[in-house]
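The chain below stands alone, shown as structure tokens; this is the form predicted alone.
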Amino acid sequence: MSTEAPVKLTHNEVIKDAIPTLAGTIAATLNDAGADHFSEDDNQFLKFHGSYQQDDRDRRKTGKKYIMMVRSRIPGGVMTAHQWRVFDDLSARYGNNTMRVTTRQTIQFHGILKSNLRAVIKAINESLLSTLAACGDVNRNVLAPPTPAYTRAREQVVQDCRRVALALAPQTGAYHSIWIDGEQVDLEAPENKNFVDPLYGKTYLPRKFKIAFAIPPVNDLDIFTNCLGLIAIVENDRLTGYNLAVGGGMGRSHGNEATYPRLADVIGFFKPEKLVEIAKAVLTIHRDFGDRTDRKHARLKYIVAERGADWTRTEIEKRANVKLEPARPFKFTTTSDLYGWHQAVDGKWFLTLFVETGRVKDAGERRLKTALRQIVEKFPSLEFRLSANQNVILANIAESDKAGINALLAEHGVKTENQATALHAASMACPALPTCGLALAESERMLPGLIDRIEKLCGDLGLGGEEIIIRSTGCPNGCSRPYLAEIAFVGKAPGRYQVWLGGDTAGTRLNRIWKDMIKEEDIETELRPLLARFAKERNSGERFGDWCQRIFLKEQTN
């Protein structure tokens, strides 16, 4: 007789098992005008539906003011002009009149009241997009290369992105019942109580799952930070297959050495026709082997790290009924977006617009949100593409329309060339305060001003115009992928940051902790001697992150 203690599952696992439709009592709470927020269990279910319950932390002294964040699911970040117009309307009518481009090629709305939540999600669905599985313990939004400049094979990659997103979508009917029909699901009905998703099972995944596609030499999606990375191998403008990268992820926790950022392992090559089988195989490995007793240890990256790449390869081959070939050669050279006007391989034009920290808004003389609204009304055939660097790309533009778009942008103070300095253009930040409940420090509201200060410091040291990839997050979860940056600021407490150094421009190397905590007001003082050494000791053309790895971080270790 076994004397082993029973495994204690996390509370999230318990409630998923009890209500496998993920319905909770969401609809009943929506219909209750006297309720100003959802229960904690419903808050967990809401994530699967694409929404987080938050509160305005700037106003906590007068009591919690509950608000909702709504995140859309936009495979590959591709939107029609009509869909952009719908989102613009929703942000103005129900949100805070901004739209935030995320690092996963989606748009988030902030400041939504509970009473308006159904209207927002229903309108998104009516635009033929969705919020289902934008959050939660399922496959999240699937990323694909946004820039159409390099190869015609991109069209096939984007199609494959959509194919995977559809194949891995959860099948619960509760989403339609709640947000379209407005009906509370009968939780006791046998078909609901015993519902089992055909792919995810009754309790879905232990944690979130992320997929991205990339086309070398451009790694503008940070492919190795994903649970499943698909690196397109292109020959003569034709997609021949994908290198398979498995086991990446950014999230960690301060003071918990068992949690860490990790880059995915490249474990083989396969032909495109096996794509869905491969994706399902990797996802179900997470489903079947992930840690359901500790959510901090529940990501796929820990399975791969602990069981090894060889075990992972064998398990994928068995589940997908495929023999992976050796990985094909590839090389990444940049993670940057291609700003300004450029011509695509099909002869059409596209324009990449810099969006500071991803926040599409009108600010002072730069009225980006209004400009984009007027552009979609005048040029309804163009396409929007959201970049994983939080920028907006206008695509499928005819030569004859360029002048009109330029004129509208100029009228609203939006530049198309020299849009931002090198440091601003290479930066990213998560939202953090005041909306994110996990934030320990500022990020989006802090980073632009900090970069201005670092730019002045660089100018003083003869490094003016130098590109350094700088990213910040309000907590260690890593939503802006800070652990790949040349300089990263990770919030530890109000006004205090952990500083990481040494990432590379190709997105293929993790950085390392330099300082465990620095006050924001001391950052220039701390960086000055470091940047001064870099200016004097660097090799010709050497980047800051590469110098840190070659010289400085080795000194710190020794």
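What you see is a predicted model; the values in this text were computed from it and never measured. The first residue of the sequence shown is number 1, and the count goes up from there.
Although it is not shown, the form predicted together with siroheme (SRM) is what the next lines describe.
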| query | finding |
| --- | --- |
| Options 234-242, 363-371, 101-109, 185-193; stretch whose heavy atom lies within 4.5 Å of siroheme (SRM) in the model of the complex | 101-109 |
| Residue (of V376, C479, L275, L447) lying close to siroheme (SRM) in the model of the complex, criterion heavy atoms within 4.5 Å | C479 |
| The single option of S91, Q390, T335, T312 touching siroheme (SRM) in the model of the complex, heavy atom within 4.5 Å | Q390 |
| 4.5 Å heavy atom contact, G247 and siroheme (SRM) in the model of the complex | no |
| 4.5 Å heavy atom contact, Y66 to siroheme (SRM) in the model of the complex | no |
| 4.5 Å heavy atom contact, R163 to siroheme (SRM) in the model of the complex | no |
| 4.5 Å heavy atom contact, K280 to siroheme (SRM) in the model of the complex | no |
| Residues from 117-135 in contact with siroheme (SRM) (non-hydrogen atom within 4.5 Å) in the model of the complex | A134 |
